[in-house]
Structure formats: structure tokens, C-alpha cells
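Listed next as C-alpha cells is one chain, alone, in the form predicted alone.
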Amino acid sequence: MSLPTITRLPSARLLSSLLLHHQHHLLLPSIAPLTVPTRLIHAEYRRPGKPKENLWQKINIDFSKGMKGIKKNFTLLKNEFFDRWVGPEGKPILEHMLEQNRVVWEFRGPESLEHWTLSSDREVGGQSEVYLKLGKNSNTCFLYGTLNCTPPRDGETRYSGYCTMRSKQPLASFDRKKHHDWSSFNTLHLRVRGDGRPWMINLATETYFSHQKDDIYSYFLYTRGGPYWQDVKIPFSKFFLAYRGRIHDTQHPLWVDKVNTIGFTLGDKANGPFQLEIDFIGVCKDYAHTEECAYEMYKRNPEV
């Protein structure tokens, strides 16, 4: 009689365990895993070849660097305050009125290259290259590279091939905007030595509205090549107003009292190496030139 009892107990326990296991498998599929609905965030369109912006950048907190920045800004503020008592831009009023030539940019050391930035079509997927270094005697600026007009294969860009060197925006104390005041002059003076390629000189001025941030005044710089330097003088009245390469129908004189930057652009659609050496960039006063604007300026209400 003991044998049946021994065989019934394991069978009952086995049956109960099978029922529990079966119920467990039946309940599990009915409970769906917790899912969070995802939302696609459409970011700003990024051109092919342009590097992604890293929004999560590591912030290095340096107390000594911050103290140097504060000391630098207060020194600039002190100089601005006392320069106003001397005269315009820290010069006596008589010297400012009789000034006929002024060197704005010159290259006399590695620190002078820090005031310039380089760009090319490589930022949008192109193949052009541009570099900047000092000359052999460390007294000139040597801009060189390779121009390639092959457009990137992104299905959108049709034209390519440009290289640019542009000066940085001058800043006053506490990173306030500062402008070049050339109201006492009427001519741009450069001493360059190129390889025969034509360049475009671009002057960017301060604007009143945000949609005018791409407005720029341009004129041509023709280099003759060879080992000899050439002095180039371009009156401010010759610069024409353009917007992203398109010339405006309405022209007006250059605002010489609020010049922000100057740039040199190469885009002559000729593949190959290029070079441009610059000694200095300045402004001068030409008393024989009295023209205000070389282009026709339309009036909305012309005088009868």
C-alpha cells in the first residue's frame, strides 16, 4: 500500500508544477513590454562634408585663465577711457587731421597671423586647400594652396572652387564690437606680390538689419606675377555692393567709418596651385581723387 502513495505524491507535485509553468507562459505574452514613443527631432540641414557640431563640449574651468581675461579687459577699458582724452584713437587732434597714410595690417611675427582666418570650399565638401604662413624673412604674409573646382557629389552643389583669407572682427573691452574708422582716407593701399591670378578684395561694414549681414563691398585685385612687388591703390569709391556674389541694383558709397573686416577671395575657376604674398595693408589720402561713388545711384524721388 505504500508503493501507490509514494508514486502519487510525486505525480501530484509534478502536475502542480506543470500547471504553474503553463500559466506563467500564458501570462507572459499577454504583458507587453513597456515602450516609450519616440519623436523625431528635425535639426538644421547640414551640408555634406561639413563637420557635425558637438553640442556637448567639455568645459575646462581654469581660474588663472579667467583672471588673465579679466585683467586684459580692464586694461583695454582703461586705455579706451584715457585715449578719448588725448584724441581720436589715442592720437592728438592735429596729428589725426594731418595724417595721410596709415598701416592697418602688417606681418612682422607669428602673432600677426592670429588676426586672420582661412576658409575654402572644403567646408561644404570641396577639394580646395588654403594655408597661411610667414615669408622667408618673417616680414610678409604668404598665402598659398591649391584651387579645385570639382563640385562635391551631394546632388545639390553645382559650383565649387574658392579660397578665402579674412581678417577677424576687432574687439574692444569685454568683447564689444570695434570698427575701423577710415573717414579721413579715401584709398586702400596694398603692397603685394602674386602669381598672375585675379583676386577679389572684400570689405565688410556694419549693418543696421540682420538680413544685411551678407552684404559686402568688393573690387578686383589683378596681380601681374613675377618676382617684383606691386603697390596697389584702390579708391573706396570703386567698391561695389554685392550680396552673396550678386551685385545690388541700388549702389551707395562705402561706409568708411564702420569697416569691420577685409578679405581676399580667389575663385577664377582655374585648377592648380596659387600663391599671394602681402607686405602690408593700409589706407591713404589721395587729394587728387574726389569721386564719391563710381556707379550710378538711383533715386526713388528724383528732383525735377
Partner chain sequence: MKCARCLLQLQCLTLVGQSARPAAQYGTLLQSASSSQLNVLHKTQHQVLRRFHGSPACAKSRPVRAEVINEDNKKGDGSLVTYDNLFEQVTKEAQTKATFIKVVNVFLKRDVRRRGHVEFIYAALKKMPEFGVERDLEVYNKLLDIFPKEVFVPVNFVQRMFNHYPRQQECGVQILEQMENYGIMPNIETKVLLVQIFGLKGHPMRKYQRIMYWFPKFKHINPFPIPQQLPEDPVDLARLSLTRIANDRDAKVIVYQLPCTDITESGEEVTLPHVIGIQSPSQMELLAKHNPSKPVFVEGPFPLWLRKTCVYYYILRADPTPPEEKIEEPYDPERCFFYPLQLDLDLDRDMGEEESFDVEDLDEGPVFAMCMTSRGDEATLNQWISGLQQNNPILGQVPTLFRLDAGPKELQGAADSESGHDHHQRPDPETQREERQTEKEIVEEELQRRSRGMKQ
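Numbering follows the first chain given and starts at 1. None of these values were measured; they are calculated from a predicted model.
What comes next is about the form predicted in complex with the partner chain, which does not appear here.
Interface residue remark: residue 156 is not counted as part of the site for the partner chain in the predicted bound form, having no heavy atom within 4.5 Å. Contact annotation for residue 144: at least one heavy atom lies within 4.5 Å of the partner chain in the predicted bound form. At least one heavy atom of residue 246 is located within 4.5 Å of the partner chain in the predicted bound form. Although the partner is absent here, residue 211 is not a contact residue: none of its heavy atoms lies within 4.5 angstroms of the partner chain in the predicted bound form. With the partner omitted here, the stretch from 112-120, 77-85, 221-229, 170-178 that lies within 4.5 Å of the partner chain by heavy atoms in the predicted bound form is 221-229. Interface residues of 251-273, taken as those with a heavy atom within 4.5 Å of the partner chain in the predicted bound form (partner not displayed): 251, 268, 269, 270, 271, 272, 273, in sequence order.
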